[in-house]
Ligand SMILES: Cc1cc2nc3c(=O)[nH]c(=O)nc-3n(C[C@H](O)[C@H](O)[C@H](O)COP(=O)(O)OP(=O)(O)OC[C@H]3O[C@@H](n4cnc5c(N)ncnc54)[C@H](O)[C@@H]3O)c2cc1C
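First, one chain by itself in structure tokens, the form predicted on its own.
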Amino acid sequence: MDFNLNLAAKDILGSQIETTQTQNGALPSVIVIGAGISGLAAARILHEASFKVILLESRDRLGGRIHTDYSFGYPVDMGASWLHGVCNENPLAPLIRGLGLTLYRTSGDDSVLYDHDLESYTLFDKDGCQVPQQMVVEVGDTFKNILKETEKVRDEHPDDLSVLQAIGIVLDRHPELRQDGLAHEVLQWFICRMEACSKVDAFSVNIDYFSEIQEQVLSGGHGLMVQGYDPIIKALAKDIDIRLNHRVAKISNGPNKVMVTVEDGTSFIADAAIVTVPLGVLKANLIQFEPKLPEWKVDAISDLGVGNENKIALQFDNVFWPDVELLGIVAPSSYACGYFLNLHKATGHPVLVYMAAGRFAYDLEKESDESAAKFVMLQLKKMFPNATEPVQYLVSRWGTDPNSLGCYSYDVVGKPEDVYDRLRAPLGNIFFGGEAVSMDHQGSVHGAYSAGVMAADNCHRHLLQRLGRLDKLHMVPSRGEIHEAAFPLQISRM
């Protein structure tokens, strides 16, 4: 199928087609699908290389699964909010430095949990009684030992195991690591926090996935974006031709051109396309591909899971909680545990953010915003009987949002080793970005950003080679050249 439109075709199709390519030696054109950070990174790279770029986004806003909300009068990230790897080696560091953004570090390199150290918690039981801090520390040390033992179990079993299966084997071998009573509930809280890493319950996620996350994480610990991620999104989007409310329904791939059709029937034609929509959207077959995706690509999409996490942000008139980073609720099962992120400690604003992952995140989405906020306040008032009612609240629904259908990818039990290679592999003139195709950092903002850069690099090389213009290859800026700055990352820890 060739989309070299002639005048007759244009007359027939009229204004329903917008062609982004020009003839007679003009620079190549690319359609980027999805204005999350991966799509914006790809568009930015190709725009800087003087390609003609159009970015199509189904939402009425930029950012995708990054959503900095200003309803409270200041930024609150209702989607991604951490930088995983507070160091100059992080590919987002040049942007963060250049924009003068501040990070609040929530963990060092040795954190047993994904984004927090152990020392800034206050935990409560289901009756609202505070758990002795000594018990929290001791159970935390036990949890570290359990995780170390799961690495041995992982090495001993050629077949895949879930995290929960591996923990079960460890506890059978080492009954001294088992916990009873309140200590058991604290252990379940630590498992709940681990599940928040992959946004899925421990019985679903592959033990290799969690181990690989710990091995691949960048140095410097983890940091909250104090001003939110929105400044980065806006910087990447500057001067890009972005069409909001353009939900892509069909992508047709020809020998030399790609045609992308949105829901209202309007079509865009370019030399290539970069698809950065969330994995959940691909799994739901919301975009029709013509010709159909090959079986190996369909299998790659099917072979990965998509986790879910939701946030309920509560704004108060006054601060009635202790000056710790996390307030936790322990319970007999990880499903029933919960935790609040204290944004006041990081940003100075009187906001608590309740976070729910996995099955519980989906269950919360079945409730109205008002019911979800009331549920969260019941938990809070058990801990603090004198808690005041929130002035405002925000509720996310990433799992049922048709633009995302989940938060980010994770490794299911039995995942083939080459699934990521197949997922990121291009198809003719179509390239794939997004956090799910990241080389080593799936599920992270910098991983999504890097995947967009990689897709742009591959698309750029492909088109210049096809057009015989490889002498122009040096035009693509490297990741670190997009925003340079001489000063270091600004990091706080109050």
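Predicted model only: the values in this text are computed from it and were never measured. For every residue, the number given is its place in the sequence shown, counted from 1.
Although not depicted, the form predicted together with the ligand is the subject of the following passage.
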Considering only heavy atoms, tell me if residue 271 and the ligand come within 4.5 Å of each other in the predicted bound form. no
Quick one: is residue 65 in contact with the ligand in the predicted bound form, heavy atoms, 4.5 Å cut-off? yes
How about residue 403 - does it come within 4.5 Å of the ligand in the predicted bound form, if we only consider non-hydrogen atoms? yes
Since only the chain is shown here, I'm wondering whether residue 37 would be in contact with the ligand in the predicted bound form (any heavy atom pair within 4.5 Å). yes
Heavy atom within 4.5 Å of the ligand in the predicted bound form: which of 412, 167, 78, 361 fits that? Just give me the one. 78
Tell me which of 271-279, 384-392, 331-339, 129-137 has residues with heavy atoms within 4.5 angstroms of the ligand in the predicted bound form? 271-279
Could you pull out the residues of 245-275 that have any heavy atom within 4.5 Å of the ligand in the predicted bound form? 246, 247, 248
